[in-house]
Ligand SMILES: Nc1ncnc2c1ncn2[C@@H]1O[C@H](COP(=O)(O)OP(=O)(O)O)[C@@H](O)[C@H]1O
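Given as structure tokens, the chain that follows is alone and in the form predicted on its own.
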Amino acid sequence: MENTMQQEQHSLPFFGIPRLFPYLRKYRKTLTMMIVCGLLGTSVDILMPLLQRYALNHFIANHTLDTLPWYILFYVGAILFASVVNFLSTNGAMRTEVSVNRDLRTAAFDHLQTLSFSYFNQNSVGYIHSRVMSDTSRIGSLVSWSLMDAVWHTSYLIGSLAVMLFINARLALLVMLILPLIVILFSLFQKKLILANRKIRELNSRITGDFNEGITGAKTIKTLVVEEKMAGDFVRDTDEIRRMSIRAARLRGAFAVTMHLASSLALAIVLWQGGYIAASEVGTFSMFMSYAQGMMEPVRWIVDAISDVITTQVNIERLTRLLNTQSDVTDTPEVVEKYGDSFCPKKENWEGIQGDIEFRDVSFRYPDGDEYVLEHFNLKIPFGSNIAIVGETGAGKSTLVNLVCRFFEPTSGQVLIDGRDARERSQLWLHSAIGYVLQTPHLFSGTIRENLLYGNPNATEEQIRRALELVSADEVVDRMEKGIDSDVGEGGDLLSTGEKQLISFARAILADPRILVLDEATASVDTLTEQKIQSAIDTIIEGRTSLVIAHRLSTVRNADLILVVRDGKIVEQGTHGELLRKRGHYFRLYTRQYEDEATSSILAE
């Protein structure tokens, strides 16, 4: 993977800027205005030494003030004109920066919503967060302020050299001798700066991940008493980025100092050769001195701009790699044309969902796996069936559910929904008909009401109350100070795990799904609450196709079909009674769990 990444980086266009063109196209008028105004403002800067030359040669050398009023008027007008165009170019740069930041972050966030689970399994939160926030910020600065720096200072260099060539070609050519030196220095430093800044960006992602783990895993860190280890890991990463940053700063500093020295040579050349013209035309000599001194600041700024572009190339590479990542699960263009996508659904073309599910000769292996989890698997699940999937922890019970929900695609074969391949319709069409209660519940920041309305934005107060009562979540709401309008905190942290589970259960019910998935949904609640939910499940699953992933086998005895998973493969299937009579793996699991529960009950008494 690393080799592929490196090959991709080296194959990028120079600076990676062409990859930004699609995001800059909508701002071409603003960018054009910025460039034009920047060029006009620089033209005034180039004009000033010529005005100085005229004043020295005409007013002082000739001892006359005949055109002074016109000179003053023109001089003041030039300053006012420069102020206006510089304001316009600066204002355009600011608006472009924030607009491009917004567009890139929106594009990155929207693209993340389309990626399959495998991407999030393979990349940390810190890694993704750094691309969406930090990288876009650097790119926005590049296409605004760095662009204007390049326009202002490059045009000043070119314009001043053109004027010097016109006035005195020999002296101007001597000054231009430093340009090949600048090109050579740039080529020597470019590669080293790119590599150093690429490493810094990757380390920054790792540190962001350390922050995230330190915050989200605070309770685990304290209970395991691993504060010292976490702090040590963080210090190690920050020390490494410090070393790399110092190395990059030294390279950048050496580059800037060397370039500054090169630009100073221009002033030395003027002082050396300019004495010959000073005696006859003091104005021309003064003009050359002004241009030579003025060239030092643009060269320094150009060095900074080049360095910023080199640094930002890494950000462009990382962001475009994210945006170019293809999901393992995608809808075909024909499906998108008819049914729309996640952001522009064409619900008028959506067929109703009954809830029949069929696995037809399905073989499957995970994208990063070598072994098949399913091979030529066939199963029909009629609408209204209650299917239980059981097995030991880590046995692979979620595989079937992931395929039904199209979180992953079959390696071969078909998953049919109502007799049609699920891939013939959009993912959103399918997901809109699925209610999913996770083993580890997740609530969004906001109130209980806001979280419930994610399930059904148009739900009435009566529907909300009924869903809460059905799973005994009304007791949680009644205990809260503000009731249903109480805040749940970030990720629901103001509630216990069991309370979050009840709210997420009610949210799924409120969506009134045709297919209901319960992924060990009662694993996080106490025994009394589990009994209440279990009794409600019989009512909830009526009129739906339900897939229940269960660890407690006592909860699935009434299932229409039980699938027994072991080492990622389905080893048995049948009803509770049939599987017990087989005295196979299910029998051993059930017997052992029954004995454990009985022992626990006796000890409790």
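Just so it is clear, the structure is predicted and the values come from calculations on it, not from any experiment. Don't overthink the numbering: it's just position in the shown sequence, from 1. Definition used throughout: the rigid core is the maximal C-alpha set that superposes within 1.5 Å between two forms.
What comes next is about the form predicted together with this ligand, which is not displayed.
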| item | value |
| --- | --- |
| Heavy atom within 4.5 Å of this ligand in the predicted complex - the one residue of K397, H153, R425, R131 that qualifies | K397 |
| This ligand: the contacting residue among Y454, F383, Y436, Y366 in the predicted complex [heavy atom, 4.5 Å] | Y366 |
| Which of 397 to 405, 97 to 105, 194 to 202, 317 to 325 sits within 4.5 Å of this ligand in the predicted complex, heavy atom basis | 397 to 405 |
| In the predicted complex, N121 touching this ligand (heavy atom, 4.5 Å) | yes |
| 4.5 Å heavy atom contact, T527 to this ligand in the predicted complex | no |
| T393, heavy atom within 4.5 angstroms of this ligand in the predicted complex | yes |
| Contact flag, V373 vs this ligand in the predicted complex, heavy atom cut 4.5 Å | yes |
| Residues within 4.5 Å of this ligand in the predicted complex, restricted to 464 to 495 and counted by heavy atom | none |
| Yes/no, E542 Cα shift of 2 Å or more between this form and the one not shown with rigid core fixed | no |
